[in-house]
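The chain below stands alone and is given as structure tokens, in the form predicted on its own.
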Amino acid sequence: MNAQVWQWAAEVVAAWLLQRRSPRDAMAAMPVLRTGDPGERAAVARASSAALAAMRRLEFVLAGPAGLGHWRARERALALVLGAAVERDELLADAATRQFEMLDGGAPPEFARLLRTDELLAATRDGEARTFARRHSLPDWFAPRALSQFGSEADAVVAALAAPAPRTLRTNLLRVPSRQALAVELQQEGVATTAAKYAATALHVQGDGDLFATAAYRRGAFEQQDEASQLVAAVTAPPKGGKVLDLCAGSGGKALALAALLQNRGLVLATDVHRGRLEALRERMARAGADNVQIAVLPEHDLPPPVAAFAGHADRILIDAPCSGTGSWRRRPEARWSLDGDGLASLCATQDRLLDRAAALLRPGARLVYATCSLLAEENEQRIEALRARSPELEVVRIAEILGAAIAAPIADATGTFLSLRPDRHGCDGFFTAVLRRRRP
């Protein structure tokens, strides 16, 4: 690989170490990556993501329990990038040492130690959870939860969270008649795809081609969206001509998917407390040809009367709740270092407040759809159990009832009740979705 790629990747990692700037934002701020070769841009993204995902393990192996915190950020970032490349068999240890010397000019770290990773980790005596956390480069608060919840499958789950995520597209049926038609159009532009297994509108992209340079993108024929997110929209299942309140819309990926499911009929009200994210949605709406989406910026704590009134008449209220994001760590590896146990407790309290607010506005017969990109029962099943204890008038609508037993079977939990997706089982992000309905009098 071009030595410059390692340097650019190290700059991206250093931006996170120094400023907590996400890799996406750091790369967007680098003109050479913004306008350069798509293949090099993809290589930088992979290298920086791998380094951040493996940061705890690499720092322990290269420097022991103290880690690399005493190093200069640039030197530390370069060691992480090159160390991750050695772990992925993209560089031999002696080649990584030479790259470090060439790019930094200083004394290289002992990359040869990476060849003894298992031996070094096994030599520690810090207990099962701490050893598990170091081996898989996990935060201390998450490791015991993963071991407890997933048992013998824990290694497979967290290994999948460190693997590269697929590039997945949602076919925009407002612009193109079918997924197959989009695949043919992209193939003609040199972009190969394969049909996803579970979501009927999803295509996985092969290779590193520049999707945003295609005519299909410019005319709004697709959006980049993980298969799991597309399945959340499918489970929301708005009725023909129905009204949907998207309470935590962000930049609107699910709102646009719902608009397409409604075939531009009915109405989707996309709301969020972040004005900037909703402003980004306006441009996406125009490109996608979504004419049935409206936008409202929310204050932090209360719903404005017009939004509350809409909620009272809505057929669906979707809460894509703020969460730990553990199911999407392979897309945002830096997120694993941005939360602790106290932060998780705060998120659960926020999730409860959102659920209570929506439940109070839900009309009889309407559905409340709760979704997270978390793998943790604390944010998922336990939040639904707590809500139903507070609001016994709510009943669960099983995913098998919504999608049909055959479609639901591979993507639902063992009872067919909740959407339950894991990267190790399904290849998409980890996602949870529950659907509840207020009983009619």
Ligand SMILES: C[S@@+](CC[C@H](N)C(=O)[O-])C[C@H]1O[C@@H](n2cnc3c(N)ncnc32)[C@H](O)[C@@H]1O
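Everything numeric here is computed off the predicted structure, so don't read it as measured data. Position 1 is the first residue in the sequence shown; the rest follow in order.
One more form of this protein, predicted in complex with this ligand, exists but is not displayed; see below.
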item: is_contact(residue 238, this ligand) in the predicted complex, heavy atom dist at most 4.5 Å; value: no
item: 4.5 angstroms heavy atom contact with this ligand in the predicted complex for residue 220; value: no
item: 4.5 Å heavy atom contact, residue 254 to this ligand in the predicted complex; value: yes
item: Contact test in the predicted complex: residue 266 vs this ligand, heavy atoms, 4.5 Å; value: no
item: Contact residue in the predicted complex, chosen from 183, 211, 147, 248 - any heavy atom within 4.5 Å of this ligand; value: 248
item: Interface residue in the predicted complex among 79, 288, 321, 293, criterion: non-hydrogen atom within 4.5 angstroms of this ligand; value: 321
item: Answer range among 197 to 205, 330 to 338, 211 to 219, 346 to 354 for contact with this ligand, defined in the predicted complex as heavy atoms within 4.5 Å; value: 346 to 354
item: Residues in 277 to 294 close to this ligand in the predicted complex, defined by a heavy atom within 4.5 Å, in order; value: 277
